[in-house]
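One chain comes next, on its own, written out as structure tokens in the form predicted alone.
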């Protein structure tokens, strides 16, 4: 049977398949509509009615286009583990998942053991195609995660504290013993950033092409990697620092300090934008939700706190976790690494209430130093003291990717074109702020209210009273007479009144000048005097 529609007296019958597609598109359409439309029948102004009609038609067409785009170009849907009966998802082991998933997914479960080179830290490109990993003993490697091929491996022969990709996989920065270094994909050293000194953490702002670094004493630096200019160099002054993260929503850098404070910075301000007392002990880990409105922090008192950055309030406290590292996935799952155990928390109710979702124990004695979700894949990679390990976390990655944003299958030509476009679209450091929606708006005009006479008199009396209370310095005999003290007091009172009197005289002079200008007759040139209206004779 089909669906019958009446339009202008004619009936149109849709086949069952098209009927199902139409119903599915209608469901998706409701997600993109902008609320209820305007009541055009109640309007009497024809011009306004026509403008609103065109606007509502535009909104409807854009919602239909978005629904069709989601239907045909975003076919994949993310899924989570679902337990039946008394089962718990966090009791499901990786061995059980291996038997249920396909061959390609099972390849993402592995352990790389390098006993003498750890502990390891790691970083992914925005597309999730490449991974950079670095061991504390100087081992650095770039891995293609699709083909599991080693692109480049080298030994820098000194301590390595952190590694981060720059705008693409062609360049990466390594925080070594004395200075950070920038290398290309072939392992060739390009730059030595001596101005940064010995840093402990590195982060890269991809929209602004800024490399941010911080040392253990809290010295924060920003450097533009396109021009080499040092944009900012600030001393936080809030104690020892062990963690630093970037908010993906606004580009603000958050730094965790040893006193339990989290400070947020931008490169154009020497003072922090926000200072939050998050914990009663040192901050051990920070992470930001992809939407930028939630922040997870962990302190030495074994508590994870979820913060709403729109109100700067705690929305949830999760006790019993001494996490050394935290990370949010693209779909909002939170991974916490504690000792040799990694736990994944999920908010499945949408009420910012995180609960246990999955867990995984690596070999006893291995200490997890870094956890990171791989973009666009249901994979969690853990860097630990003996190498790194990869496990499956169903529902963690975004199932559909946008090739304009991140393309895991891009060619060298596409990478080159994207690099040029990203350089042309580079944002200046001034655009980094807590509320980026203010960019492009006008500051509201505030009319200065003129104070009344009573307010001016009250302000003048307050200034005189404050002068009267000043204690005069006692001087030698003959210079401390009562008459001289009275004169000195009078001089101080006159000095306090002087600015008010000068302002009053200036305003009176302006008013008198306006009256004088209005009273004077303007002298006209001789050619125009014949047009002047003559005064009537008395």
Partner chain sequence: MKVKVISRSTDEFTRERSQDLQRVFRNFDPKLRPQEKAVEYVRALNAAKLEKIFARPFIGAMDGHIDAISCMAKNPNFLKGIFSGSMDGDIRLWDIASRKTVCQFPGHQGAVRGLTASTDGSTLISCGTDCTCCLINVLSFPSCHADCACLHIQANAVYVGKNAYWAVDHQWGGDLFATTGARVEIWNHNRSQPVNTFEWGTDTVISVRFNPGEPNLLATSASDRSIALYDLRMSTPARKLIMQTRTNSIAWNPMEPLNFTAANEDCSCYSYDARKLDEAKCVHKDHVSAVMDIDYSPTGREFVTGSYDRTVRIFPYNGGHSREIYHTKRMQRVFCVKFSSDASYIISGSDDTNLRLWKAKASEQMGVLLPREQKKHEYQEAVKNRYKHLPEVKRIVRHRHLPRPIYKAKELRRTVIDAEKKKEERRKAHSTPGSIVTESVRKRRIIREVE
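Treat the numbers as computed from the prediction; the structure is a model and nothing was measured. Positions refer to the first chain, counted from 1.
The discussion below concerns the form predicted together with the partner chain, not included here.
Trainee: Please pick, from 204, 328, 124, 401, the one residue with any non-hydrogen atom lying within 4.5 angstroms of the partner chain in the predicted bound form.
Mentor: Flagged contact: 401.
Trainee: Of the residues 100, 301, 186, 195, which one places a heavy atom within 4.5 Å of the partner chain in the predicted bound form?
Mentor: After the contact test, the surviving option is 100.
Trainee: Looking at the partner chain in the predicted bound form, do all three of 32, 414 and 425 come within 4.5 Å of it through at least one heavy atom?
Mentor: Yes: 32, 414 and 425 each sit within 4.5 Å of the partner chain in the predicted bound form.
Trainee: Given the stretches 216 to 224, 83 to 91, 267 to 275, 167 to 175, which is the single one in contact with the partner chain in the predicted bound form, using a heavy atom cutoff of 4.5 Å?
Mentor: Result for this chain: 83 to 91.
Trainee: Would residue 392 show up as a contact with the partner chain in the predicted bound form if we use heavy atoms at 4.5 Å?
Mentor: Taking the distances in the predicted bound form, the answer for residue 392 is yes, it comes within 4.5 Å of the partner chain.
Trainee: Check whether residue 377 has any heavy atom within 4.5 Å of a heavy atom of the partner chain in the predicted bound form, and answer yes or no.
Mentor: Yes - in the predicted bound form, heavy atoms of residue 377 and the partner chain come within 4.5 Å of each other.
Trainee: Classify residue 437 as contacting or not contacting the partner chain in the predicted bound form by the rule of any non-hydrogen atom within 4.5 angstroms, answering yes or no.
Mentor: Although the partner chain is absent here, residue 437 would touch it in the predicted bound form, with heavy atoms inside 4.5 Å.
Trainee: Please run the contact check for residue 369 against the partner chain in the predicted bound form: heavy atoms, 4.5 angstroms, yes or no?
Mentor: Residue 369: no, not in contact with the partner chain in the predicted bound form.
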